[in-house]
Every structure is written in C-alpha cells, then in structure tokens.
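One chain comes next, on its own, written as structure tokens: the form predicted alone.
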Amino acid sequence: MYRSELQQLAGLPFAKGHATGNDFVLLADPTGALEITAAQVESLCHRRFGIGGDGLIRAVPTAQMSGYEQQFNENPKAYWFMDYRNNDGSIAEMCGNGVRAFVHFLLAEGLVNLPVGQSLQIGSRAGVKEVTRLTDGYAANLGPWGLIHEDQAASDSVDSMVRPSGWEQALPALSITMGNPHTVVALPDQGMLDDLNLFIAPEVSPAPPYGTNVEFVVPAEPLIEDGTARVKMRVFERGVGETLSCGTGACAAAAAMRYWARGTALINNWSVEVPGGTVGVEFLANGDAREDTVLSGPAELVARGIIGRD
C-alpha cells in the first residue's frame, strides 16, 4: 500500500521540519495543483515506510485553497494557506507548532520575506493567524481560546472525564478550544505523568463532536517563578498518538490551569515544558470579552529530498 501511494508522488520535492520535536513533512504547492489524498499523507508520514512525521503541511495560496477563497478575499495579506493533515491523513484545523514550522519553511523556500520583528498573516482552517519572526524562533497569535462545554465548565470547573489506558479510575478534565479541540487533565505529581501509557488513546467522556487532543499537565514547584507560571505536559494528539510537543495543546493546558485558578491573580505568561523542549504561552487582552493566545518557540528544517520512484 505505502509504496504504491508514494510512487504516485514520485519526483515531488519535500522538506522535513520540526518545532520542539513535533515533526512534519512540508510540501510547496504554489499553483494549487497538488491533490494529496489521505492515503498518500499516511504513507508519507509513516515512520517505517515513508519519510516520517506527526503530520503533513502543504503550502498553497489561500486563493487556490478550495472552500477558503473567501478567506483570502477578506484577508488579502494572508497569501499562504497552511493545509495541515494529521499523521493518519485526517484533516486538522490548526497546529501551533506546525504554523511556526510552516513560516520557517516559507522563508527557507524564498516564498516570503520576513525580517526579525515583522509579522506575516497565514490562512488556515481555524482562520487567519499572525506569526511574528523572533531572533530565536516565531510567535504565533492563535487567537482566542474558549470553553467547549461552557455551561458545565462554569458550573463545575470541569466538563468531562478522561481514563488513560490501564487506569481503572477516570480523571476530571476541562475541554478547551484553540480552533481545534483539547481536553486537559491536571495530575498531582511528576510520577503519574511519567507513568502514563499514551500508546493507546485515553477514553474521553463526553468527547467533543470531532474527537479531541488530550493533555496531561503537572504544575512546577513553585508554580510561579519570576512572574512566569511553569507546567509540564504530555499529549495524545487525535489522529497521531503521543507526540513530543503540541503547540495548541500547550496553549490549552495553560488556559485550563489559568481557568482553574480564576479568582486569584491571573498570570499571563506561561512556560510549558514538553518532551521535545519548552514553549512559551502568553495571554493578551484583545478588546473583546476573550483573550488572544500567543505561542512562541523555535522551528527548524532538518532535511530536504525528492520522493523516490523506486
């Protein structure tokens, strides 16, 4: 299966990149001519029979992205669209690490010019996102976070139960939207985080309609240091499995911890340690009732190649 799917893409240039270990196959499609199937994505992202990656990102002009032409008409500065697919070929709305790797890829390909300190608008299935180039990475404004089950969360502070594989007892959790769905579980200590079996998807009840990413979070001791709150996290990504990092998941984890701490002084700056490194999360007032969430961290390319014909 994998060989035949890859042969259909023979001769196509690709790059391999990552952001704190969350890795992606990256394709440039400046004419919008590529039609990548779910089976081809799965084959490309397979870690034994393909290139390997947590997902695939296609760079396509927003005006050429079927169903999103109006997004470009309303936001003409969002020339490039991040067409993101999960490792299993399923479509995802947004990837916070992916959008940083995507902008780094656009720069490396010479498709954009972005000096340090300048920003770029990117089209996506979760709306237009603004990414700023930093001296040591990128900061992506992922927009407002929100509660998926708002009434129950407001009443109980949690809205679902999560049972990790091998556990008899389910744990209370809070479901957060970052344009894509997340369910956040707070654990009391590092040992419980280390012992999780995330080879199998945790059971979530009730699950958001299109599935969910599940984050398990442990606060550092002390939680706040030099004005920054610190947490550690592991994540099971829907359509992928456990990954070394999840950008939107880091934002959701910080948002959930912050929500649980409401009524006390709110901390706007967070440091989230994941197995692949550390990312920053900042909450900014946006003039509306909700807050924007800014994810910052590194991104790099590690390989280039041509999909083979053999």
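Just count from 1 along the sequence shown to find any residue number. Just so it is clear, the model here is predicted, and its values are computed rather than measured.
Beyond the structure shown, there is the form predicted in complex with a small molecule, which is absent from this document and is the topic of what follows.
Student: Contact between Gly96 and the small molecule in the predicted complex at 4.5 Å, heavy atoms?
Tutor: Result yes; Gly96 sits at the interface with the small molecule in the predicted complex.
Student: I'd like to check something about Phe72: if you look in the predicted complex, is any of its heavy atoms closer than or equal to 4.5 Å to a heavy atom of the small molecule?
Tutor: Flag for Phe72 set to no.
Student: Mark Val240 yes when one of its heavy atoms lies within 4.5 Å of a heavy atom of the small molecule in the predicted complex, and no otherwise.
Tutor: Yes - in the predicted complex, heavy atoms of Val240 and the small molecule come within 4.5 Å of each other.
Student: Can you work out whether Asn213 and the small molecule are in contact in the predicted complex, taking contact to mean some heavy atom pair no more than 4.5 Å apart?
Tutor: Residue-level check for Asn213: yes, a contact with the small molecule.
Student: Quick check for you: of 25-33, 63-71, 247-255, 41-49, which stretch puts a non-hydrogen atom within 4.5 Å of the small molecule in the predicted complex?
Tutor: Contact-bearing stretch, as computed: 247-255.
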